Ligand SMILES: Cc1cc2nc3c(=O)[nH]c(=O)nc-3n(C[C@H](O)[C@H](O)[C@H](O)COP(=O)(O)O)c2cc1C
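Shown below, as structure tokens, is a lone chain in the form predicted alone; questions about how it binds or moves come after it.
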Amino acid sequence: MKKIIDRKFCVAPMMGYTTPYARNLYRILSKKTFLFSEMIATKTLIYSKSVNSIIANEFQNPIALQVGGSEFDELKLSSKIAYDLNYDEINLNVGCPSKAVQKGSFGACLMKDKVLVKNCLDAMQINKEIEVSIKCRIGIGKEFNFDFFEEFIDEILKSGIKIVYVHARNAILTGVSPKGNRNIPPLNYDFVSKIKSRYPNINFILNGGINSMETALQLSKVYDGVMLGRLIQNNPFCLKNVDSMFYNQKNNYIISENTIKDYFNFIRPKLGKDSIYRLLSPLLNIFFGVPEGKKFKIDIHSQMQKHNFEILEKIFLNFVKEKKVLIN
């Protein structure tokens, strides 16, 4: 049986950011937040020897593995891999607009072929113990077209999926970079509200343009859930408030020396298997907005170049000890 999971607050899949190391930090800060892996192409997932550095799931549940692809056999095998790695969900990316993704015949360009997407989702449903979901845009091109969005949703829901994450912007497939596609196409939350009114039993999770925890909280009361990306990328430590704000837990998480010790204990066995920058980059935003934080950050970068792991841990511990009140 599938677990019953509250997706009131989700961290968006972000290439280069929602690494296994970052996800471990997120899980230290919040036990309830629903996490996502980086998006990974099905061929890479199946054939790459270094894939574990992207998809490792070490007690990070609740969590989804996001994949990109349109080959049914590969999607079916991807679902099996996700299930074997104890992911709660496998999510099909139908929102990424990059040229590389389009060449691979996945991402936002698939919205042009709603029947193909429905068949992809069918193929992914290998058993009843792992949820299958989709992340999509509200349309393609510069003009809003609710009929297009509605017809797309009508078709894909025939697969039986119950969870749709919607980046409430169009995807512009030519002339705008992936970064530009995150802010140039205008937001249209009304499309998500309208489709929800038609399908009240489907969970539509809102993504796009949510730039503060307070805004996220208000939107979470209107929609089935919210998904945040860049806010978490810029300052993952705001996740310490999620369990109390969104899930009615009694207390906020308190950042302390234990936070640093727990994180370093997780990454210590990974030394030599991945770059020290990739291992430590999730922690670097602990200096976000803290007076004199820049001095500590300079020390950190200097020691990272020297690979002085134990000294690095001490610098972080001293910073937290000195700035604990300001951080919390």
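All values derive from a computational prediction rather than experimental measurement. Quick note: we count residues from 1 along the sequence shown, nothing fancier.
The form predicted together with this ligand exists for this protein as well; it is not shown, and the discussion that follows is about that form.
For I55, no non-hydrogen atom is located within 4.5 Å of this ligand in the predicted complex, even though that partner is not displayed. Within 4.5 Å of some heavy atom of this ligand in the predicted complex lies at least one heavy atom of Q233. Proximity of M227 to this ligand in the predicted complex: non-hydrogen atoms within 4.5 Å are present. Shown alone here, Q66 lies within 4.5 Å of this ligand in the predicted complex, counting heavy atoms only. Just one of G104, G208, P185, G139 comes within 4.5 Å of this ligand in the predicted complex, counting any heavy atom, and that one is G208.
Checking S79, S133, N93, S220 against this ligand in the predicted complex, a heavy atom within 4.5 Å turns up for just one residue: N93. The candidate spot formed by M15, M39 and H167 lies fully in contact with this ligand in the predicted complex, as each residue has a heavy atom within 4.5 Å of it. Heavy atoms within 4.5 Å of this ligand in the predicted complex map, among the stretches 146-154, 246-254, 124-132, 208-216, onto 208-216 alone.
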